[in-house]
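Form predicted alone, single chain, as structure tokens, below.
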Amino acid sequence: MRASLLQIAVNEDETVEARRLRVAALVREQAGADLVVLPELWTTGAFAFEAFDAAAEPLRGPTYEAMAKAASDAGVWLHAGSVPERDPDGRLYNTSLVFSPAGDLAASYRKIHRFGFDKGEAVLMGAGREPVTVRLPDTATLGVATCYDLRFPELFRALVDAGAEILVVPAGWPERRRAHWTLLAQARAVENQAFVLACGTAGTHAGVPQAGHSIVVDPWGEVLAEAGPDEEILTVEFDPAKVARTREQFPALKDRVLGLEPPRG
């Protein structure tokens, strides 16, 4: 399987419309890849809280249309990162979009864990409720999570229980906590015996330098590829069958006790 992580620079001197066109062109250049992944909130920037309301789109808005067309043109599975979605009731969500090579919407995921500690995203956006997986025919099942979700291992357990073999995490992770980004990506891979594809943003937006350093980790926690701090396309080839082999050779998941059944009492 060949995956390309597009570590997009989100800078304030580029309009949302210009960035959308540029990213669509970058997606088209990935023809031949099996999976392309974009970062979280790359249209606005994950820390540009004051821009969320004005930039919010309906699910099938301009970013949806541009990314569906780009996925179809390139013939790739596209995790198009996330956008600020405005629900018909007016509520905002941090919503990820996954497209098939035909340009059809395969899944959408509303971020469950909102960042901000009673400010920012945590109060401006609603919370998703359901873990989401996507089956890539004859390849593997993707488990979908977003940025701050990476700190909550119970979500990833739920994704694995639903069949996930590749955990895809778009993010807008800040540079000041980059060490956590790498550590948590490796931890989620090791404890779930799954591949982790974590795609972040580069640049600086809303005064917050971004970590970059998108990373691909295998089921043993080995880093297969890692980007630098600037805009970059990180491409890696790996064998999804390694997940089954790892789980068979070292069957730790079979020894789980807690969380498998409701407590008695």
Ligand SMILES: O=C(O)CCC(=O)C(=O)O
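From 1 onward, residues are counted along the sequence shown. All figures in this text were calculated on a predicted structure; none of them were measured in a lab.
Below: the form predicted together with the ligand, not depicted.
Enquirer: Is R135 close enough to touch the ligand in the predicted bound form, meaning at least one heavy atom pair within 4.5 Å?
Expert: No - in the predicted bound form, heavy atoms of R135 and the ligand never come within 4.5 Å of each other.
Enquirer: R151 versus the ligand, in the predicted bound form: is there a non-hydrogen atom within 4.5 Å?
Expert: Yes.
Enquirer: Would you please decide whether R129 lies within 4.5 angstroms of the ligand in the predicted bound form, comparing each non-hydrogen atom pair?
Expert: Output for R129 is no: heavy atoms all beyond 4.5 Å of the ligand.
Enquirer: Given that the partner is absent here, does K111 sit within 4.5 Å of the ligand in the predicted bound form, heavy atoms only?
Expert: It does: once the ligand is placed as it appears in the predicted bound form, K111 has a heavy atom within 4.5 Å of it.
Enquirer: Here the chain is shown alone; which of A185, C147, A71, L159 has a heavy atom within 4.5 Å of the ligand in the predicted bound form?
Expert: Contact residue from the list: C147.
Enquirer: Where, among 72-80, 173-181, 190-198, 136-144, do residues come within 4.5 Å of the ligand in the predicted bound form by heavy atom distance?
Expert: This holds for exactly one stretch, 173-181.
Enquirer: Considering only 180-201, what residues come within 4.5 Å of the ligand in the predicted bound form, judged by heavy atoms?
Expert: Residues within 4.5 Å: none in this stretch.
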